[in-house]
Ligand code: ARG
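Have a look below at one chain only, the form predicted alone, in structure tokens format.
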């Protein structure tokens, strides 16, 4: 399901483990202490987050998210762009609803995928799109390579997207948002083992689950202090207890993103 949805770790697990994970997902307790219980969360609007973009096919059917960082540049996940071309990929800004007709639609003139990208679970899950039409919306600031302190455990982060509201469920027609805490690298490694690459990934979510990005949210922003600090990448299930969402650690790739933005 790479390129169309939030990437999944399940394909890399043994059958018995995968079956157990499905059971855990179905029975995961609600996060009673979590605010805004994407999966969980609340609806919002494109005017509230004007830099959040829909990435669509040629028919304007949304399959991933992205973040406008300059009028003609959108940061998204590499796994969203695998197999895509400039001819079958479009970006829509200023549109709150997936089935809407408002906003600004642009063709994509260039797709940059990190040259070392292979799969989301190996890292380098970052891409930059160059738009043919400039977007007339406020852009997002993004972290520099020196801003590594933003990922302190417990820091509140904001997630956004039009993805499913449960694992394998239906996509949200309206943009949704939620807040999740950054998880320590040690805790995330305890959940995902060697698939968690500390230098290139960061985890966010509640120990009890309940709030998370999900299928269709890939490529969307992880905001810390209103600044783009991560890209929705992958995870085991969605909102599953003990398995926080995994995001691209943007500080690691900030210089490469800047090179594309300024090109």
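Worth saying up front: this structure is predicted, and the values here are computed from it rather than measured. Numbering follows the first chain given and starts at 1.
Unshown form predicted in complex with the ligand; subsequent notes refer to it.
Q: Here blocked means 3 or more ligand atoms within 2.4 Å of a backbone or C-beta atom once the ligand is superposed in from its placement in the predicted complex. Does this form come out open or blocked?
A: By the 2.4 Å criterion, blocked.
Q: Quick one: does residue 233 come within 4.5 Å of the ligand in the predicted complex, counting heavy atoms only?
A: Residue 233 belongs to the contact set for the ligand.
Q: Taking any heavy atom pair closer than or equal to 4.5 Å as contact, tell me whether residue 53 reaches the ligand in the predicted complex.
A: Because no heavy atom of residue 53 falls inside 4.5 Å of the ligand in the predicted complex, the answer is no.
Q: Just checking whether residue 195 would be counted as a contact of the ligand in the predicted complex - the rule being heavy atoms within 4.5 angstroms.
A: It does not: once the ligand is placed as it appears in the predicted complex, residue 195 has no heavy atom within 4.5 Å of it.
Q: With the partner left out of view, is residue 229 within 4.5 angstroms of the ligand in the predicted complex by any non-hydrogen atom?
A: The answer is no: residue 229 has no heavy atom within 4.5 Å of the ligand.
Q: Any idea which of 195-203, 40-48, 209-217, 53-61 reaches within 4.5 Å of the ligand in the predicted complex, heavy atoms considered?
A: Single hit among the candidates: 209-217.
Q: Output the sequence-ordered list of residues from 45-81 with at least one heavy atom within 4.5 Å of the ligand in the predicted complex.
A: Result: 79 alone.
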